[in-house]
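Quick setup: one chain, the form predicted alone, written in structure tokens, and binding and motion questions come after.
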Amino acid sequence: MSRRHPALLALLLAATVVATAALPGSASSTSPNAPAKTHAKISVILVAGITTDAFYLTMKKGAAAEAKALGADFSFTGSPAAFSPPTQIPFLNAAIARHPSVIMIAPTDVNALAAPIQRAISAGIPVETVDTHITKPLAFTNISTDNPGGGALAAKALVQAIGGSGEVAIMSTTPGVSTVDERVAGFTAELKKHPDVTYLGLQYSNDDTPTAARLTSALLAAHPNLKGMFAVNVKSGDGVTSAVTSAGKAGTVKLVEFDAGPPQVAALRAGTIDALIAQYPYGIGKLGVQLAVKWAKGQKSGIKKHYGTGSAVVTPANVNTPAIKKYLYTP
């Protein structure tokens, strides 16, 4: 073998190494000059309490708009049939299986959703709660309305509507839902300040409009002197309004309802409802995605455990004003 062959091979090998090193993207991952890894696009899934509710559909709009502005992927899911743990948990499990960057969820029970949310966190998916919350502090943040304060506002509005005295009652949804439990607590605490008002108690409609209507009809029959009712959310409010109207007592039995979906606003304008306590679901969705993207990027410093969003007392006198417009739900 010629002595020149090994030298030639060594020269060719050195040239190959130099040329390979010059190729774009070929730097060693251990090199201090290696380019940073390309991060996958941030993805956020919102698991609603119930996807057919005007409140959550408006929240979806705020979240989707903010995700688009921030360049994140956004998905909206949940049960269309009922606001309950058995109907919500399968959709949460499906979201976990997709392994998004962050899950936003409105838990349908303060206790029953704790274990499913823990499963998401154990799978490496951070969770934030929106609107409602759970008892265990598992979520990295919560965004919600001041529900006790909203309940107090509802009581003040109803006491004013009935002239300061008379019988009143509450139509609620299901025990164990953080938001409505807090609204009831705020309402009843404020009502104690008005000794001339007789509180007849609350009934649970299981977040079902026909059930709320049936229970309200029975209440009107049993208490012909009933002067006012507080309905804690959209579905219970729809049932209460329907029953009062069917009984021919629209405008006579004073109604204050939480939320401001299109049927509630129409009934307010018609004089059937005296006041609405409107939340800001668009803003909850928008802020939720902002915080989710920050958390996914590792920008965790300064993120608080709870963020409160505004609410407004909507009346026939102010419903058409610019200041109130953002609080009206637009599903």
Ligand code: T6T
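Remember, predicted model here, so these are calculated numbers, not experimental data. Note that residue numbering follows the sequence shown and begins at 1.
If you look for the form predicted in complex with alpha-D-tagatopyranose (T6T), you will not find it shown, but the lines that follow are about it.
Just to confirm, with a 4.5 Å cut-off on non-hydrogen atoms, which of Val244, Ile105, Ile143, Val234 contacts alpha-D-tagatopyranose (T6T) in the model of the complex?
So the residue touching alpha-D-tagatopyranose (T6T) in the model of the complex, by this definition, is Val234.
Residue among Thr132, Ser101, Ser79, Ser172 with a heavy atom within 4.5 Å of alpha-D-tagatopyranose (T6T) in the model of the complex: Among Thr132, Ser101, Ser79, Ser172, a heavy atom within 4.5 Å of alpha-D-tagatopyranose (T6T) in the model of the complex occurs only for Thr132.
Per-stretch contact check against alpha-D-tagatopyranose (T6T) in the model of the complex, the hit in 84 to 92, 176 to 184, 162 to 170, 113 to 121 (non-hydrogen atom, 4.5 angstroms): Among the listed stretches, the partner-contacting one is 176 to 184.
Contact label in the model of the complex: Asp53 to alpha-D-tagatopyranose (T6T), heavy atom within 4.5 Å = It does: once alpha-D-tagatopyranose (T6T) is placed as it appears in the model of the complex, Asp53 has a heavy atom within 4.5 Å of it.
Open item on the list: Using a 4.5 angstroms cut-off on non-hydrogen atoms, would Gln279 count as touching alpha-D-tagatopyranose (T6T) in the model of the complex?
Closed with: Although alpha-D-tagatopyranose (T6T) is absent here, Gln279 would touch it in the model of the complex, with heavy atoms inside 4.5 Å.
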